[in-house]
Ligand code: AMP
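Just the one chain here, the form predicted on its own, laid out as structure tokens.
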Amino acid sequence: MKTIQVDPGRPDPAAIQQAAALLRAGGLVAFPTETVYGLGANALDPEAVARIYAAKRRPSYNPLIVHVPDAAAAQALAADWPAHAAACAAAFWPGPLTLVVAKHARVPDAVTAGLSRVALRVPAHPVAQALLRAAELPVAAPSANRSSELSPTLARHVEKSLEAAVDLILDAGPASVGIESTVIDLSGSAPILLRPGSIPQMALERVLGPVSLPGSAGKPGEARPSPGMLDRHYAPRAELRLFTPCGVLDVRPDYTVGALLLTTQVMAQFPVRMPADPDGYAQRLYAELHRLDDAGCDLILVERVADTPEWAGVRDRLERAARRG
């Protein structure tokens, strides 16, 4: 594994070309997006895609998001490009929104977990954009970490999680959004919000009209309609427990405890005061959980965030992380 530091605004062309060549040769490249760091491979090469699943120990029924440089490249991977997709692309791309549409036959089933739909995103990060344009191919890129564990917002998080499984890491500093993209399914008659993120449902509805929420995510072992729909996901090594300020906390006396706090105080060796706005909270969330894991915490207490639409992305990550396997 090799790590190359690159300027987040003006990445070194030589580093980008090296990474692009690795992708074209079937290698794995971890690179920054505005959401989290992704683990990239040639999306049109089933063997390269299989390397992603092996490196992450990712279940084969969990599909991947394909990253492309612009809407035209996304449309080329779709069997159908509905008006809703064009509207979302115009409003939110490049940016932290993933569109699920009917897939073109050239997209391997390995990318989509055998489903007839493909998840597409145009990232805004300059390094991601430079890499996609230099590689001249679509790049499948889930978060660059072991499956169900904490997503990486720094290159060192990738190094810690995946070690030698990655051929190259492009280190451009911290991700600015901090949680994974919003995912919306536009393959049917009505839009369905599969995964909340930093683009809230109300913003989508201003473009699309009514947006519904999914029913059951699927039976065990059944292909998920989107990444991020496993029951337990985004989890630190430590037990993560949500609490309300008025609740009673039962903590073992021998535990090393961390805490993410908004309005209250708790007894913890590593208390962290989190931003009161959802964007600021999301940007710091994974980095703070990584830090508490690295500090050797047995338990991380997390004060519940507001049950309001603008907090839906953060709330989803915390609730899945708190579920026990």
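As the structure is a computational prediction, the values presented were derived from the model and not from experiment. Numbering starts at 1 and follows the sequence shown.
The following text describes the form predicted in complex with the ligand, which does not appear among the structures shown.
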query	finding
Which of 201 to 209, 159 to 167, 109 to 117, 129 to 137 lines the interface with the ligand in the model of the complex (heavy atom within 4.5 Å)	109 to 117
Sole residue of 227, 196, 191, 178 within 4.5 Å of the ligand in the model of the complex, by heavy atom	227
Residue among 64, 282, 68, 28 with a heavy atom within 4.5 Å of the ligand in the model of the complex	64
Proximity of residue 290 to the ligand in the model of the complex, heavy atoms at 4.5 Å	no
4.5 Å heavy atom contact, residue 143 and the ligand in the model of the complex	yes
Heavy atom of residue 240 within 4.5 Å of the ligand in the model of the complex	no
is_contact(residue 183, the ligand) in the model of the complex, heavy atom dist at most 4.5 Å	yes
Heavy atom within 4.5 Å of the ligand in the model of the complex - qualifying residues of 78 to 109	100
